[in-house]
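Only one chain is included here, represented as structure tokens and corresponding to the form predicted alone.
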Amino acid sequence: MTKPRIHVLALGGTIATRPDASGAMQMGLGADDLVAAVPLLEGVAKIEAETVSRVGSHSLGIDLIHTLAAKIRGLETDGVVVTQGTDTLEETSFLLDLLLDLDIPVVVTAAMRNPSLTSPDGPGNLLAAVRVAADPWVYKNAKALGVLAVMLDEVYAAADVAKVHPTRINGFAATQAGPLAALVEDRVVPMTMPVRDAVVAARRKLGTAGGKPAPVALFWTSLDDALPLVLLMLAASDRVGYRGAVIAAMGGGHVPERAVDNVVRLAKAMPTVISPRTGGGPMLRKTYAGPSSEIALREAGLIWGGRLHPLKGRVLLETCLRAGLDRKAIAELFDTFG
């Protein structure tokens, strides 16, 4: 049987670090180094390795991910694996999912433990990611699955995966949906299919979402905070460069009552999305009354972020603005996420 061709694109991150003279970990390894560290890959697929960048994922940029998506669209291969850092994997994988509509698997993976530690997880995650990208069931259902994230032998939908711990090896999960598949021995064991209607609808409106950068501010609500920084931002002649905003709201979609005036002013000035600060899950729409409730905020023009984590809501809003969508189209798109 002919082995599938899998293209490995390395961006950097913990998986690609090595110690300097002081023992501190520095970026430095490229795609060839990562592949060479996993000899078992030869038995799984024909690997092509390419280094795109050598930075921590905290320093990746949205423009780079757009460039990466364009590169992936131009590859002649049976599957793609992207290696990067864990800090922004939940954001970059979702952005790739919004930008790519392919018939081949695209898998993002990373490492929580650096190569100098006992039992680093990078080589195992890379092997698992290539196995997923090369798997017949995954290939057959690539469009329906969308971009995938593979960490610690579990497969997640990019729209659902989140980093839930800063350092632990099991630092990723999809708390709402769970994993789509698991790796056992050398097998990919399917368990469920993702609900993709919202992402598919978003892709139709976004296309490849070219256009100029459209920075989106992220405000996190907390006890007794009036969000006064909103007023400082709006007072600036250029709004400090921001074209949209996301409010990480409390509970089912609430903000502190003393913050309501500032939040409403923000929504009048630019497209402003409400997402749950709990990290995701469908919010309320018509349960509570009062000025800081979901009913009042929706009536005031806040865009409801549905089940999207605030970080993913920010990615989607920025992509909408790049694509030139107006406020009405943006609200309709977000509404499909529940």
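All residue numbers refer to positions in the sequence shown, first residue = 1. Everything numeric in this text was worked out from a predicted model, so none of it was measured.
Although it is not shown, the form predicted together with aspartic acid is what the next lines describe.
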Check: Of the residues Ala111, Ala157, Ala129, Ile247, which one places a heavy atom within 4.5 Å of aspartic acid in the model of the complex?
Finding: Ala111
Notebook entry, point to check: Heavy atom within 4.5 Å of aspartic acid in the model of the complex: which of Gly124, Pro115, Gly79, Gly85?
Noted result: Gly85
Item checked: Proximity of Ile295 to aspartic acid in the model of the complex, heavy atoms at 4.5 Å -> no
Margin query: in the model of the complex, is there a heavy atom of aspartic acid that lies within 4.5 Å of any heavy atom of Met27, even though the partner is absent here?
Written below: yes
Notebook entry, point to check: Counting only non-hydrogen atoms and a 4.5 angstroms cut-off, does Thr319 reach aspartic acid in the model of the complex?
Noted result: no
Notebook entry, point to check: So in the model of the complex, does Ser57 come within 4.5 Å of aspartic acid, heavy atom to heavy atom?
Noted result: yes
Check: When aspartic acid is placed as it is in the model of the complex, which of 271-279, 284-292, 49-57, 35-43 ends up with heavy atoms within 4.5 Å of it?
Finding: 49-57
Next item on the list: Within 4.5 Å of aspartic acid in the model of the complex, which residues of 12-35 have a heavy atom? Give them in sequence order, or say none.
Entry: Gly13, Thr14, Met27
